[in-house]
Every structure is written in C-alpha cells, then in structure tokens.
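Both blocks below hold the same protein chain, though in two forms, and each is given as structure tokens: structure 1 and structure 2.
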Structure 1
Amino acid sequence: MDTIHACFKDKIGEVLLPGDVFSFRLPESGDGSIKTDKIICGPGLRRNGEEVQVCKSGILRHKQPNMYWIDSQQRRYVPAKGESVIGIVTAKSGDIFKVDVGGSEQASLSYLAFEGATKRNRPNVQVGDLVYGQFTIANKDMEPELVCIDSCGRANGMGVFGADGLLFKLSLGLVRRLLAPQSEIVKDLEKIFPFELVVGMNGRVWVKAKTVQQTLIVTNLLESCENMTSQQRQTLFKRVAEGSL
C-alpha cells in the first residue's frame, strides 16, 4: 500500500520519540477487492487500532519489503518469544528448573526440554549451571518458559555449556551489533587469537580462550567496544594483537 509506506518513508533514519503516531486511512473501495499488504511492526512500535504508535525513543529502521522497527538502546532485557538467551539455573523444584534470564521474572525450564531426556533419563543440570535456550512463551501476562531443543527435538547447540570461561554483561545494543550478519566487531576480534563465544540476547556473553589472560583481554575489549567508533576500535585491536604476540 503506497499510502502506508509513504507515511513511514520520510521518517526512516530519523529519531522518533514515544507518542509519535502514524495513522493512515485505508481508502474504501466499492468492491472491497483491494488486497492490502501487511505491515510488520517490530520492537518499539505498537499497534493501536488502525494506527501505529511509537513506544520507545530511537531511530526508525526499515527492511524490505514491509518491516519497520525502532533501533534503541537499553540495558534491561524483556523476554520475547523465539530469542536465544543465556540463563543461570537458580533452583530445582520438582520437574522444572528455575532459570534467571535477567528479566523481571525467572523463567522455567522443564527437565524434559533437553535432547534425549525422558522421565527415567534426567538431564545432568545442577544449580549454578549456564544454560543456552530459547523462549517458547514470553509475554507480560505469563511466566516465561525456556526450552533447550528445537521443534524437531534436536539440541542444535542449546543446553548446558561452559565448563570454564567467563560470563559478563553487555548492553543490548552491543549484543545486537555482535550478532549482526556481517559484524565488524567479530571480524576484528577473531584476528587476535582463537576463542569461543556464546552470545545471549539478554545481554549476557560467555567467553573462553586458551588462557585466563586471553579470556580477560577479550572480555575487556568487548566491554570497551560500546562507545568507540570503528576506527578507534581497529587501532585498539591492532595494538592488542601486537602486544600479545
């Protein structure tokens, strides 16, 4: 629909504040045979009847063909369905584990939600373990639920991980930049030395390298990337790479 996309078009790339409204009246035709395209409102945009309201301050982004969202910064994570996060097991009660994901509530993880788990064959999960899982239920009315298998029943790398290594917290915007398809930060980092990285959408990152010192170096580099331009970051990484060699 041209009218709908036209409303958004001039605002793409601009800073919007909560309370800004995009309203459009769909033209009523006599036949009612116009097939209107659907618009997908991503995070930061909310539907209010026939209008779209902005509920977070940030820059409006667009992806073909019809996806719009607000690119904003925050540190506090709000669980959303389908996102993969790192959780810490805090309690074992009956058939479920209580997992802290950094949200307002603790998520529950059923012991059957691991690959190859049955009632007799329980997974080996202890309190304090790190778990990488996906949300199946995550809304404001219910307790969030995690699972460590996909819809086919395969683990796909989810589950308990991390015998060694270090877990630390980053802002959500930086985490999204790390997970972007052609992330420059990741490309620069991998040139320094081999290491392993698990990134959760809740801002938690786990790093493991060969020695403790290397692990700490990677941690500090990631934490400092938050407010640097790409130039500053590249010079810093080069210095570290030369220093470590």
Structure 2
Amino acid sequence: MDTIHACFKDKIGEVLLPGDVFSFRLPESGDGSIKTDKIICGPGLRRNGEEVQVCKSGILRHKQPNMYWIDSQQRRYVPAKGESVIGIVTAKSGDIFKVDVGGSEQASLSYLAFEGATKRNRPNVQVGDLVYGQFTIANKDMEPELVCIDSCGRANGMGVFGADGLLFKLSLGLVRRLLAPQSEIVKDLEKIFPFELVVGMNGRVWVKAKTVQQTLIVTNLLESCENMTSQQRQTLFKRVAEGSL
C-alpha cells in the first residue's frame, strides 16, 4: 500500500494547486493485466480513469486507509448530494418553500419533507425560520432539493430550529474540522461553557448558550480558531476559562 500511495503520500501536508495530476497506474502483473489502486477522493479531488486531478487549491490531507481530500479555506458553498446544511426560509410558493443555503441559487423544500407531514397536517414553517436539512438533489443542471427527514421518514435532528441563539458563518475548512468525529475544538469549548451547537456543511453555524454573553464568547472563540494552531487555541481557551479575558 505504501508503494501504491507513494505519489500521494509524499505530498500530504503540502499545498496543491488546480491542474496537479497524480497517476495510480501500477506495473503489469504476471498475466499481462494492469491493476489500478482503489482510493476515495474527497473535496477538491476528481478521479479521471487512472489519474486523480486536483480541482481546488489547498493542503492535501489523508485518512487511513485510502481517503484523500484538499483542505481549503473556501467560503463559497457548492451544494453536494447528501450533505446536511443550515438554510433560511425566504419564501413560500404553493407547496414548496424556498430556502437560502448560501449557494448560487436557492433550494426547494417540500412541505411533505418533514416528519409526520401530510396534506392536512402541514408543518409550521414561516419565512425567516432556520431549517436543518439534507440535500437529495444537488447538481449543476437542476435546482437543489432539501428534505428534513432521513430514509426512514424520521426527522433525526433535522427540521425547523433556532428560536433563540446566534447564526454566523465560518469557512468551509473550519466547519469540516468542527464536524470531524471527536473534534478537539468542540471538546475544548465544552470545558468552558455548556452550549448547543448546530453546524452545516455550507459554513453556517448556530450557537446557543445559557446567556447572551456566553453565546457571544463561544461565537468569538470559534471565529478565532480560523488561523490558530492547536497550542494557541488551547492557551486562549484556558485564559477564557480562568476569566482573565
């Protein structure tokens, strides 16, 4: 595996630019066939036959055993199928809600795409409400479509939320770090204040703490994590916990 991934592993942690190409073609085997290695391409990488092309500038990251992606500071969101996002309801159009998800165009959300919704029992959704949903359709040729239920028809944490709290935006790179399993940033923040946190892949983050002051402190700490190292972040969080800031 190390030999197969050598061309990529040499570049892990380095900055790559659009147009860079990596080949995963291996020498011919004994029976004359040519083997190619199986890899998983994340954001910023595109598989094209026996090559992987870089389509976004950023730092190459790797997750065992064979996942690679580009970690960039992109702020503009491009909808992708299956991603969960925070949207703002902007209009009602018949049986469809128009939702701003931060992309180039608004997404549509059917009133039947909520848990327990029927023609008689419509969900209580108003213009300006925040919704947490998942894309079922997202490509360049069609209008994006959101749903607030999973494949079993359950809400599973999705739907209208955010009666109180604060909504703000972060870069897509920082959002992916917050959504990572066992995120160090979230763990460190939980040691300071108890709070509720909703993170969308479109860069929108919603926070609610016990008081408005604590909500603003958590918001400012998350925004400050953008360009901080792990050591700098821990030092800042420690000073806030001790009340020296």
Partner chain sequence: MRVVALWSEMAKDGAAKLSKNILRMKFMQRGLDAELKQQLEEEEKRIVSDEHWSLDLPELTAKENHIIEERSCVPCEDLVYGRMSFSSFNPEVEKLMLLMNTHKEEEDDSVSRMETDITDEEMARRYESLVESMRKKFAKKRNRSTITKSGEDVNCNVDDNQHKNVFLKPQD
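Numbering for residues begins at 1 and runs along the sequence of structure 1. The structure presented is a predicted model; accordingly, all values stated were derived computationally and were not measured. The term rigid core refers to the maximal set of C-alpha atoms that superpose within 1.5 Å between the two forms.
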Displayed copy of the chain that is the form predicted in complex with the partner chain: 1
Rigid core fit then V15 CA moved by 2 Å or more between the two structures: yes
CA of Q64, rigid core aligned, shift of 2 Å or more between the two structures: yes
Interdomain rotation angle between the two structures - two rigid parts, degrees: 11
